[in-house]
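Two forms of a single protein chain come next, each set out by itself as structure tokens; they are called structure 1 and structure 2.
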Structure 1
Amino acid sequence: MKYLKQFGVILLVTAIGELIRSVVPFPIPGSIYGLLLMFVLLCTHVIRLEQVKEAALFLIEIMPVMFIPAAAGLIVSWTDLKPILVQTVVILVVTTVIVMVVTGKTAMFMIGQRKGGKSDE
């Protein structure tokens, strides 16, 4: 029952993110609004980590399974991707590196803020 309750909290925040997307005129997916809302709720202790931790860990564990339909879609689209394969791979590598660097710098900043000092840059 605990897992259902925790999953319900996550689902409610996600649904609110979708509602925000339908009201706000920006082209941002509702899942992003939901993530930001969950972040704010966790930071302000409106939702305690214990209220969602186990369900969130379960969802993270099964995340690779969620990519199977996308991979199958790529296989079906191979004829369309074949002419632009080099450009696609370059874009994927460059954006992956950018995301890794930005994530690392953000994590370093957040750790520095949590320790009360400056981040190591």
Structure 2
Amino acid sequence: MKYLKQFGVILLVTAIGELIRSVVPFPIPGSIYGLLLMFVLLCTHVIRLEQVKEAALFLIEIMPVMFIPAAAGLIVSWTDLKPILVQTVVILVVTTVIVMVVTGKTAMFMIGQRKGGKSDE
């Protein structure tokens, strides 16, 4: 019963997020409004951690499998991708690595600064 209740609370916040999405004209999905709303509700103690924790952590744990159907959908978009395949691969590989390294290094540097002078580089 506890898990069902927790899942219910998460779904309620999710539904409100989707409602917000339907009235706000930005290309931001309901899940992001839901995430922000959940965060605010936790910070203001309207929702307590123990009312959502286990169900939330379970959903997060199994998150990778939720991407499988969309990723298998590459079969369908393959015809669109094929003509620009080489360019697509180059862009994907190069930018993903660069962004990962630049973001990580910037964070390392900033955290090093904050901890008092001992920077990463």
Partner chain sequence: MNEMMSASASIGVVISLLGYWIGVQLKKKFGYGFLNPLLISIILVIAFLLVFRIDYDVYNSSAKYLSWFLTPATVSLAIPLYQQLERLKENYKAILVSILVGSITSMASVFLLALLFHFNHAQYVTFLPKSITTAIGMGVAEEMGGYAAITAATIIVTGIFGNVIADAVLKLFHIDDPIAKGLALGTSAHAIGTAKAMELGETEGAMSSLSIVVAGMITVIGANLFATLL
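Take the two forms, superpose them, and find the largest set of C-alpha atoms that agree within 1.5 Å; that set is the rigid core. Each residue is numbered by where it sits in the sequence of structure 1, with counting from 1. Since the model is a prediction, treat every value here as computed from it, not as a measurement.
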Next item on the list: Quick one: identify the form predicted in complex with its partner chain, either 1 or 2.
Entry: 2
Next item on the list: Spell out whether the Cα of Thr96 moves at least 2 Å between structures 1 and 2 when the two forms are superposed on their rigid core.
Entry: yes
Item checked: Core-superposed comparison between structures 1 and 2, Val9 Cα displacement 2 Å or beyond -> no
Note to self: Tell me whether Ile20 is among the residues that move between structures 1 and 2 (Cα shift of 2 angstroms or more, core superposed).
What the structure shows: no
